[in-house]
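Just one chain follows, in the form predicted on its own, and it is written as structure tokens.
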């Protein structure tokens, strides 16, 4: 069980690899430019649970209904960090 951080956009092959190799026990958080995965429903690329940082999503000019994955705040992000014994970034 791991927390996987995706911080680059959809054209980044390393991020695509991380998503493809995440298991259903993992959580993925889309941060910074990684939020662009939320526009195309990142769930189609991974078996993991996927979330996007709300503040990063809104800062790039999108509205909450534009996200295809749940949006979380920083407090919820910290809870995920505390929940997972390892993080992949």
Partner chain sequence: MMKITIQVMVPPYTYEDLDTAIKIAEAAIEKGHEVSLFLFADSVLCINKNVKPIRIDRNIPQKLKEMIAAGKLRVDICGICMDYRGVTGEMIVEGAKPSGLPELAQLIYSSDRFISLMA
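Keep in mind it's a predicted model, so treat the numbers as computed, not measured. Residue numbers count along the first chain shown, from 1.
Just so you know, the form predicted together with the partner chain exists too; it's not on screen, but the next bit is about it.
- Heavy atom to heavy atom, is residue 41 within 4.5 Å of the partner chain in the predicted bound form? Outside the cut-off, so no.
- Do residue 66 and the partner chain share at least one heavy atom pair within 4.5 Å in the predicted bound form? Residue 66: no, not in contact with the partner chain in the predicted bound form.
- Task: Give, in sequence order, every residue of 55-89 that has a heavy atom within 4.5 Å of the partner chain in the predicted bound form, or say none if there are no such residues.
- Result: Going through 55-89 in order - heavy atoms within 4.5 Å of the partner chain in the predicted bound form - the hits are 55, 56, 60, 74, 75, 77, 78, 79, 81, 82, 83, 84, 85, 87, 89.
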